[in-house]
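As a starting point, one isolated chain is supplied in structure tokens, in the form predicted on its own.
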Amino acid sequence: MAIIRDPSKESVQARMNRIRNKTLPILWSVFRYLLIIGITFIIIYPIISKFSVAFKDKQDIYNPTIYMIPVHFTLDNFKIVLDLLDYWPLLLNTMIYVFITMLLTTMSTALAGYGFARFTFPGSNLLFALVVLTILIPMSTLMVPMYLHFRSFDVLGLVRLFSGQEGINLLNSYWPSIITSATATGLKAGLFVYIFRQFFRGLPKEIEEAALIDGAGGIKTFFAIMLPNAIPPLITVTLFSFVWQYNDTFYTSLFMSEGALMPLKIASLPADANQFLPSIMGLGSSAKADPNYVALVVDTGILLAILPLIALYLFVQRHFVESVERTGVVG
């Protein structure tokens, strides 16, 4: 017996299916774009607000009608912060310090990661587990032993043996950061060692075997063959190291509390603004600074501090994303 279908009902159902198939992808795309825009706004809003505040005149602080765009644009805030921070010598000194520690950290962690990836020795797995554990240990727990170590720095007791002193005081110098960076024990070094190890483990061993047949030793194989092939992790670690070292306040305040570095100066900027702002504005040393204007100057100083990082990101963000995708960070 043949089943007779109502063509009108079938056409309506087919029409509803077509509408649903077209509508759902559109709704999903709208939802996805709204979510991305919302997350992006949350991320970049602090930077936008810093730019807005930096160009505000003092009289705009108490204007309730101003939200983001100032009524009176001015560059006086930048001039004041440049004087307070002594910005250009400070930036140059910070860049030299960050560049040296970045290079030492990258090379030392690359060598350590290659060793863990390719050489097996008794206790190698345990030692690598301890390296990974350094990622989880709070830095505050290392403060006292590291401070005491570099206050009386000695290698195998040689200083005490030949001079009779307890050690060499390396505090308030670059040497603690240089030593920790060169020995792969510096800032986030455990994470960098892990990144290099994961990448080198993914390279075929036939490359090293061919180099060994050609007479290359372990050091030559690493520098001439393995390291040139490790461009993605090198870019990743270099950029991570640069940004984290530039923003670091733990090691700089612990080892170089009297140094002229950007994190230290930004941390002390509120106190400096309260103390020197009246004299800079010609109000006399006995006058008190407006706390709201001090906050405005501090925000301008923070903007000047992060501008080099923003410029760096604009130039290298494409290479950075590609390098992260090709390293062991995501795989």
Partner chain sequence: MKLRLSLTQKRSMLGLLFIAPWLIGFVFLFAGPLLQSILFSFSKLVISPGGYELEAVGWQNFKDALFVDANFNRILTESILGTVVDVPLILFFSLFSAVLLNQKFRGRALARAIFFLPVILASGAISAAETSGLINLVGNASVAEELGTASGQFNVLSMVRILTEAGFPITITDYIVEAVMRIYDIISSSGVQILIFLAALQAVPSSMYEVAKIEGATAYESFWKITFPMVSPLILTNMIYTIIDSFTDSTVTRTIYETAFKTQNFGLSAAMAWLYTIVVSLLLVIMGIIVSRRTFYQN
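Values in this document were obtained by computation on a predicted structure and should not be read as measured data. Positions refer to the first chain, counted from 1. Heads up, when I say rigid core I mean the largest set of C-alphas that superpose within 1.5 Å between the two forms.
Not pictured, yet referred to below: the form predicted together with its partner chain.
This chain appears without its partner; in the predicted bound form, the one residue of 180, 94, 241, 77 with a heavy atom within 4.5 Å of its partner chain is 180. For the candidate set 71, 224, 207, 130, a heavy atom within 4.5 Å of its partner chain in the predicted bound form is found for exactly one residue, namely 130. Heavy atoms of residue 315 never reach within 4.5 Å of its partner chain in the predicted bound form, leaving it off the interface. Although the partner is absent here, residue 52 sits far enough away that none of its heavy atoms falls within 4.5 Å of its partner chain in the predicted bound form. Not displayed here, its partner chain is kept clear of residue 260 by more than 4.5 Å at the level of heavy atoms in the predicted bound form. Although the partner is absent here, residue 138 sits close enough that one of its heavy atoms falls within 4.5 Å of its partner chain in the predicted bound form.
Shown here without its partner chain, the chain has 42, 43, 44, 45, 46, 47, 50, 61, 62 in 41 to 76 lying with a heavy atom within 4.5 Å of that partner in the predicted bound form. Annotation: Cα of residue 122 displaced by at least 2 Å between the shown form and the other one, core superposition.
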